[in-house]
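This document opens with one chain alone, in structure tokens, the form predicted alone.
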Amino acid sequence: MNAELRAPAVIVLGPGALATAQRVKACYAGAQIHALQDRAPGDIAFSELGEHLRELYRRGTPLVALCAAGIVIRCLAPLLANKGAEPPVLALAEDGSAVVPLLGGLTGVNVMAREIGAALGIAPAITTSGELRFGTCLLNPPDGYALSSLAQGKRFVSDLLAGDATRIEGDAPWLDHVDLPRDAAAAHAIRVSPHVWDGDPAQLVIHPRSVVAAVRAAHERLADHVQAALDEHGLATASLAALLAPAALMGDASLTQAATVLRVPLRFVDLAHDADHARAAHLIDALKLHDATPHADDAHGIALAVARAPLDAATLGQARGKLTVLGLGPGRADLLTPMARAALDDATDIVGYATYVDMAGPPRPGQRRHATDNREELQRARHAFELACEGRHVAVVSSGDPGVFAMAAAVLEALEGADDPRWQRVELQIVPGVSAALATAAQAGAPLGHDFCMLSLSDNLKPWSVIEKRLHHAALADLVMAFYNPISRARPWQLDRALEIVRAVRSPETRVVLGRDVGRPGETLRTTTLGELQSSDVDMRTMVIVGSSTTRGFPRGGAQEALREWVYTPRFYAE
């Protein structure tokens, strides 16, 4: 598979496709089976096919859908606009008897079709003329190379299909065994060069990503100045492999913006002496690109180096580290937000309490996991920053929402107390999740429909006297209360004491919702009253929601719901 592509999502709608899906999954490191909820087991569950396919497509995820091609086409039709940017999309028969590449001719779909065909022992239904004639897509060069002009490329391939021959100028090892009509004296040429295409219609120009641009300072027009330096030396923008800057500038927004505009990775070099910052060429010297051709600094402090072969940006200096604190939700795959899912996919390292690291799902190849005990929050946060300082993308995982009795506060506490300036350069992001209180409330109805508060009954990090005071005032304020960490073996008495405080203020008829493992296998939900509630009804994995004086309930309709009720707190409040 093209190294630039992400691992594919293998889409399954029913159990009959699972055997074939597993064989496809085995072809691609990091591939996951996405299965229709309640219809088939998989790595990720989804409830609505069209929206799920469109979301994956928007994220650039290759799709292998085990269903009719027409279904996939109708789902994705509203998004089809940019042929050069679409990910590979294939339809595969449930029994593995046919594989049809649908979209992504310029991003490797036919390569995937051949790989899947080889794994299943079938011939892929490839219809692209150039692929059938030459055995490869000339308009889809391998990782490390970029096509100069798609429109010119199409004309060039049409000329070859019409009978013209070609020669190859430059190093193109992937074409050595391709069945091209070759002639050393041909007018047409495939030219592999970092220099710009001169407009000759008889040339197919492919740029190796072999140019590094080093900058000594950051400013708003940086991308324009880098482009001007490339233009001055006749180098194509598509040949740019990376933007390089001093590590002291890590985190500067204008550098990030310039790299985004130029569509290249941003890398940093930690120079030994501040004096070296005076010339951008020192950055390139630090990379020891001995086979590169340097170009002197220009007036804007930019130096260029052109290597003889494509450069792997990951080997140049260091990336800016990223630390994402995210919430996994209550545990069910479809309650994990797309933003959190994307952060997990992007992470090189996942850090967290062992139970939550397991909840994050199977690791992709190369992804490292760092599981620790549940009481090591600050140590965990510090370890995450140290990893991020190495240029890694670290995901710190919590269940529910990371800002609710979870890791976001610990990470910020560690950052505030840090004396290592590198920690301040790390890109920090906090991604919300569905908290246990919200998940339980949604199952019950809307008990949090008016003012409410969340309280942890654990006294590990605060005195029990503070908990009692807050319970008393919350009960007096007539707030709905959601209890986290309600009881444990080490403190079996605390819930009874909490209920005693609340019962001194609230009536025995006050509605109570108990949700155990909501969003996970074996979840249970029941409603009771404050007068009937006993501590034996609750364990550490139970969310307890105590209603206000206005919280009410009524029976659910339908025979299957006869023993359950909807619980809600009205939006209005009257004294």
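The structure displayed is predicted, hence computed values, not measured ones. One-based numbering along the sequence shown.
What follows is about the form predicted in complex with a small molecule, which we do not show.
- Note on contacts: among Phe134, Tyr353, Trp197, Phe483, the single residue with a heavy atom within 4.5 Å of the small molecule in the predicted bound form is Phe483.
- Among Pro447, Pro101, Pro141, Gly400, the residue placing a heavy atom within 4.5 Å of the small molecule in the predicted bound form is Gly400.
- Of the candidate stretches 146 to 154, 118 to 126, 414 to 422, 428 to 436, only 428 to 436 has residues with heavy atoms within 4.5 Å of the small molecule in the predicted bound form.
- Candidate site formed by Pro8, Leu66 and Ala113: none of these residues places a non-hydrogen atom within 4.5 angstroms of the small molecule in the predicted bound form.
- Contact check for Ala406: a non-hydrogen atom falls within 4.5 Å of the small molecule in the predicted bound form.
- Within this chain, Gly515 lines the site of the small molecule in the predicted bound form, having a heavy atom no more than 4.5 Å away.
- At the 4.5 Å threshold, heavy atoms of Arg39 stay clear of the small molecule in the predicted bound form, well away from it.
- Residue contact with the small molecule in the predicted bound form: Thr527 places no heavy atom within 4.5 Å of it.
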